[in-house]
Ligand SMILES: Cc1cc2nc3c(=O)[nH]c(=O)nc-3n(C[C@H](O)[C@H](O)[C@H](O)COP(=O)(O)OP(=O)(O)OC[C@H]3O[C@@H](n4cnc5c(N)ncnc54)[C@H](O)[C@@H]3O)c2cc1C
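One chain comes next, on its own, written out as structure tokens in the form predicted alone.
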């Protein structure tokens, strides 16, 4: 049985992928299916967003992780023969996608940002290459056609009147040789940046870690979340990796993005290109960030930001 399959780690991303999945299903005349491994109450939500089939994955043992589903999903794909398999682009999903594709001897387009069907009904997929400076077009000639898609690439479609649904309860997977020994929570310093309406991003224009206090004060006044460029998280370790914005980090779509001392290299610009308004402060008038900014201010962040904070405090009062 052919079909369009969807798998993602979280509910919001599943809804995002169901939107393009539904359009593909209509064009190919194939059913739209999604894998459920969380609360079964989500079935109603998925059906109202176009899912016609629900593959219910069994609960995992305490020492197992999502990767244990790989052989189960691959075996199901060999039996059902889906046309297209779209997965989320989280680190875990990308690893699962690669292993599933290898098991099925098919191709995989990672971090796909757009796609359409050509006259032969093959997916023409696009992904960024060379640090976001170019777009590569990928066509998979094997089946299923697989792609991982970053969160926020598509908007979740509107809920509709639910139709008929086929629910398939899958058998327990064989225990994976990889065992989960312990879980340790990651200390997040900010909420989910991909959902933030306002983002304050810090770059190498800040001289020392204590200067983050200035950025945090500005963010608090604006109801914003703090993000950063890769040198801040990877080289200096001032902020956690999950706050890094860019090609190898996360992509954000805020109403307002404020860059503090951000130079604007293409790898970072890739992560903010969907922001509605980009406002940059940098003392270098030739900084690349100004080329993509709606508003720019050439000046020292150590002088400009305190003035912004003072004016905001007056306005709030």
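Bear in mind the structure is a predicted one, so any value in this text is a computation, not a measurement. Residue numbers count along the first chain shown, from 1. Think of the rigid core as the biggest set of C-alphas that the two forms share within 1.5 Å after superposition.
There is another form of this protein, the form predicted in complex with the ligand, and it is not shown here; the text below is about that form.
- The contact residue chosen from 71, 162, 152, 231 relative to the ligand in the predicted bound form is 231, the criterion being a non-hydrogen atom within 4.5 angstroms.
- Comparing 71-79, 133-141, 241-249, 115-123 against the ligand in the predicted bound form, the single stretch with non-hydrogen atoms within 4.5 angstroms of it is 241-249.
- Shown here without its partner, the chain carries 264, 282 and 287, all of which come within 4.5 Å of the ligand in the predicted bound form through at least one heavy atom.
- Although the partner is absent here, residue 306 lies well away from the ligand in the predicted bound form, with no heavy atom inside 4.5 Å.
- The shortest heavy atom separation between residue 15 and the ligand in the predicted bound form exceeds 4.5 Å.
- Put simply, residue 216 is far from the ligand in the predicted bound form: not one heavy atom of it is within 4.5 Å.
- At the 4.5 Å threshold, heavy atoms of residue 24 stay clear of the ligand in the predicted bound form, well away from it.
- Counting a residue when any of its non-hydrogen atoms is within 4.5 Å of the ligand in the predicted bound form, the hits in 193-223 run 203, 204, 205.
- Once both forms are fitted on their core, a CA shift of 2 Å or more is seen for residue 231 between the shown form and the other one.
- In the core-superposed comparison between the shown form and the other one, the C-alpha atom of residue 68 has shifted by less than 2 angstroms.
- Once both forms are overlaid on the rigid core, the distance between the two CA positions of residue 206 between the shown form and the other one is 2 angstroms or more.
- Compared with the form shown, the residue 178-residue 234 C-alpha separation decreases in the predicted bound form, the change being 3 Å or greater.
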